[in-house]
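Let's start with one chain on its own, the form predicted alone, as structure tokens.
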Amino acid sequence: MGFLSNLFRPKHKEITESDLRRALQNEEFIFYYQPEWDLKTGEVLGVEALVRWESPSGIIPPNDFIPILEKTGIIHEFTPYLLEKTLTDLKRLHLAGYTSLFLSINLSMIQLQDAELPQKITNALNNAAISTDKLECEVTETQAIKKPALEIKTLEKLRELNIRLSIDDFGSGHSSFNYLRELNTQKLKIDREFINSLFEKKSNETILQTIITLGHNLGLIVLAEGIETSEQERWLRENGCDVGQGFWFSRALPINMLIPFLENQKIKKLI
């Protein structure tokens, strides 16, 4: 978890609905951005938005509060906030000269059950003056498709808007192939556990090679999450993985640190 790991360990009282409503009203939810790297060229292609809660008692990671946002229904009020904040930051990146970068946001199945979600996203994109092809929506594979007709219809509408779709944490749940069958996506993100255990035994390499080949045979971009070493990066590049993400390249950064980081990367390429 890098430098944030110690911040994620304070003792918190039980999170309540009123805590989350207050946090939303006070704009305590903040966003960090982790770059996605082209493994062939070394170029940054886009950034994934990762939410944190900057509470009075310390920074709280998403696994501690997102389930409560979903359970209470506050997640639907959180969606416009997510879109406004992250698209504003993407606009800052574009104005700084990084016009090719896209933004990836994570959506839960609860959010996809909102029939108005495509319109909310359209409105947010229009307000930020950003084209639809610069937004990617990630659907976590560990979450079950609970209302297929509604959720898949929402995803189809997003595709019609030319918004990118991605399956996140592929292989971490029990519905991997259901997702590939049901969701018309453009990207497959391999769960970090496959990368962590890559060199533990030969069969792990075979499994990872199979996932990469499967993704390519389906016409998908394949991204590996959680790359932490040069050996992992080299193996993935040599075995045809398209995109990488992880601490080996960069930890997640707030927008005021992300732009200088990108500037530094640009300078390194010129040297």
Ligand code: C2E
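Everything numeric in this text was worked out from a predicted model, so none of it was measured. All residue numbers refer to positions in the sequence shown, first residue = 1.
What comes next is about the form predicted together with the ligand, which does not appear here.
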Exactly one of E228, E54, E205, D38 has a non-hydrogen atom within 4.5 Å of the ligand in the predicted complex; which residue is it?
E228
If we test each of L220, L236, I212, A49 for a heavy atom within 4.5 Å of the ligand in the predicted complex, the one that passes is A49
Decide whether L82 counts as a contact residue for the ligand in the predicted complex under a heavy atom distance cut-off of 4.5 Å.
yes
Please check if R192 has a heavy atom lying within 4.5 Å of any heavy atom of the ligand in the predicted complex.
yes
Though only this chain appears here, would F102 touch the ligand in the predicted complex if you measure heavy atom gaps against 4.5 Å?
no
Answer yes if any heavy atom of F261 is within 4.5 Å of a heavy atom of the ligand in the predicted complex; otherwise answer no.
no
Just one of 236-244, 212-220, 55-63, 38-46 has residues with a heavy atom within 4.5 Å of the ligand in the predicted complex, so point it out.
55-63
Stretch 103-118 - residues with a heavy atom within 4.5 Å of the ligand in the predicted complex
N106, L107, S108, Q111
